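The chain below stands alone and is given as structure tokens, in the form predicted on its own.
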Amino acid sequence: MKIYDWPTGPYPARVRIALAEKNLQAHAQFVLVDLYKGEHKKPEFLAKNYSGTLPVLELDDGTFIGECTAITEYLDALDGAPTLTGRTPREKGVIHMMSKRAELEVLDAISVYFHHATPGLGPHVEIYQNPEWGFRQRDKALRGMHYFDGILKQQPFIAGEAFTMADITLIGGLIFAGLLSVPVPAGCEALLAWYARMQERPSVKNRITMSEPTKAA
């Protein structure tokens, strides 16, 4: 299978971490899509993923799967023993709820800040920007960090007692925040301690260097 991504991107990081957690690195070929050249918005790539976003998984039969949650679901189910997305109905419900909250409250909010209140991917990609909206979303992300700090004061992982897709999603958000020099608010000690632990996981530590990408044709 092929994974179209940008090695340092926070959204691609989610799939790279999931891939490593499932020990599937050897089965994936990475294909570089240059965000700063807007390759993800060109017709050739839009034919693979209508939304023009990364990452995208291409299966051997030619099927394209976009969206990090969907890709993670696929990877997690391959061996018949899902560890990231839940085994029981309750686990699935809680994990998906918390992963969505991590998207809405932190990761996607930071993404909006990046695209609207910073130079983003440059003038050739960022055709429209609304800085006021961008800064409001940055502040939303900071509030989200406080929310997850409260969660992590009560349990070791975002969705409970085990590492799951929900943790991966929030890791992506904090990776993005770090790239933009948006620090975790002072006092969020539980969140900071959790993130320090997460960065020691091999799947997180080695996410960029797990594979040398090849240039997209």
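Small disclaimer: the values here were computed from a predicted structure and weren't measured. All residue numbers are counted from 1 along the displayed sequence.
What follows is about the form predicted in complex with a small molecule, which we do not show.
Screening 159, 28, 152, 35 for any heavy atom within 4.5 Å of the small molecule in the model of the complex leaves a single hit, 35. A single residue from the set 77, 94, 121, 104 has any heavy atom within 4.5 angstroms of the small molecule in the model of the complex; that residue is 121. In plain terms, the part of the chain that comes close to the small molecule in the model of the complex, with a heavy atom within 4.5 Å, is 61 to 69 out of 159 to 167, 61 to 69, 188 to 196, 144 to 152. Taking non-hydrogen atoms only, residue 14 approaches the small molecule to within 4.5 angstroms in the model of the complex. Under a 4.5 angstroms non-hydrogen atom cutoff, the small molecule in the model of the complex lacks residue 177 among its neighbouring residues.
Among residues of the shown chain, residue 115 is one whose heavy atoms approach the small molecule to within 4.5 Å in the model of the complex. The small molecule in the model of the complex is not approached by residue 172, whose heavy atoms all lie more than 4.5 angstroms from it.
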